[in-house]
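One chain comes next, on its own, written out as structure tokens in the form predicted alone.
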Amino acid sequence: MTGSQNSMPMSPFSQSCYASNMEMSSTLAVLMEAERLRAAGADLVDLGAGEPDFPTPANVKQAAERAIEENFTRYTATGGAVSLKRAILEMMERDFGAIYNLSELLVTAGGKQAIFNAMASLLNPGDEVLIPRPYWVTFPEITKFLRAVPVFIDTEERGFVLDADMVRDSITPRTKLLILNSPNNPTGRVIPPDEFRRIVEAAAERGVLVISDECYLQFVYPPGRPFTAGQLPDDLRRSVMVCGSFSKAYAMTGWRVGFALGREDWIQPMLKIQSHSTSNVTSISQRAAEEAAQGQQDSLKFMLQEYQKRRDWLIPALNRIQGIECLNPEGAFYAFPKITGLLGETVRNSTDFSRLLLEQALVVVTPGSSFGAEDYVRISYANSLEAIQRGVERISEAAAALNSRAA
């Protein structure tokens, strides 16, 4: 038998296709490994997941129960039930003074679908997408899936805060889109409102559209205040698609409800894409989100206060560890410490360091390489303060061991 006869036939899924250039979400890989260790009975401290550790508020769960009892279990309009859409519009006006109308709103299966629909409705193969680095892992993967070209803007030298000059310097004749994410995942940094406006102006001057990922919008620590692109003047707002979510602010990650707000002639092709993919968001989740938007907001305030307490303990504790430096995040629930001082022959990069913490210290963190920043790791403080303190103690011990080896 010849070698060719013995060889396995090539899988059609290994051949060139739109998904072939994509990589699996590294944050998903962290969650999977954490679950494996838990199942094995390990005393794990999970500082990797980007998910609130609080339960969904009781009033939101009760609204979902009522929806089931009332048999609100059929299809809704693809773009969202009108009652939920009105609740979102009222929430945006109440909380931020941002006024949109029903035709400028699409309800989606989480913020990620809003972003995907916005990009898929706009980009053609070869278009360039400006993505500030560090970035949320999904931005470049969607870009590659659509055969567009990710162009990264490095923000490390400015403390991970993008500015308008950096955007202007990066725009080329092929630039179609800029993606903003403030508060930022993974750094927790927040773009100041005045600079945010200048950034959008710089993009609009060159005909570049903007997606503003605002999934962490509500988590900005005093004295800072949340700022949405929906607060921009109308002429600038036409250049921006706001992508939001109920997942973080209302601890509803599993309910999968997000939304997009923007000009109608951009929303409509996004609606068309959704009609041929997922159709409507789960009807029961929509009723829950409606209550989240309209009901009491005490749980949101409580979560923000708790995250701030954790941050205020965590950042100084990280900076006391030899070999680690960490900026103070103004929002979200992530720290993004630099670990250059711990790297060497044994631990060469963020992946090695994350693996060492997982295997030897039973602490889960996410390697910075996942976000385009090799010398960093992401630490989520969406966990109890007690767990965070145990995790930092273990990280400190692991760092001390590395430092003693290097001495």
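None of the values given here were measured: they were computed from a predicted structure. We number the residues from 1 along the sequence you see.
Only in words, not in the display: the form predicted together with a small molecule, which the text now covers.
Student: Contact between Y250 and the small molecule in the model of the complex at 4.5 Å, heavy atoms?
Tutor: It does not: once the small molecule is placed as it appears in the model of the complex, Y250 has no heavy atom within 4.5 Å of it.
Student: I'd like to check something about V129: if you look in the model of the complex, is any of its heavy atoms closer than or equal to 4.5 Å to a heavy atom of the small molecule?
Tutor: Taking the distances in the model of the complex, the answer for V129 is no, it never comes within 4.5 Å of the small molecule.
Student: Can any non-hydrogen atom of K176 be found within 4.5 angstroms of the small molecule in the model of the complex?
Tutor: K176: no, not in contact with the small molecule in the model of the complex.
Student: Although the partner isn't part of this model, could you tell me whether G50 comes within 4.5 Å of the small molecule in the model of the complex, counting any heavy atom of the residue?
Tutor: Result yes; G50 sits at the interface with the small molecule in the model of the complex.
Student: The small molecule isn't shown here, but in the model of the complex which of R133, R256, R86, K144 has a heavy atom within 4.5 Å of it?
Tutor: Checked against the cut-off, the match is R256.
Student: Of the residues F160, Y216, Y307, F196, which one places a heavy atom within 4.5 Å of the small molecule in the model of the complex?
Tutor: Exactly one listed residue reaches within 4.5 Å, namely Y216.
Student: Just one of 93-101, 294-302, 196-204, 108-116 has residues with a heavy atom within 4.5 Å of the small molecule in the model of the complex, so point it out.
Tutor: Selected stretch: 108-116.
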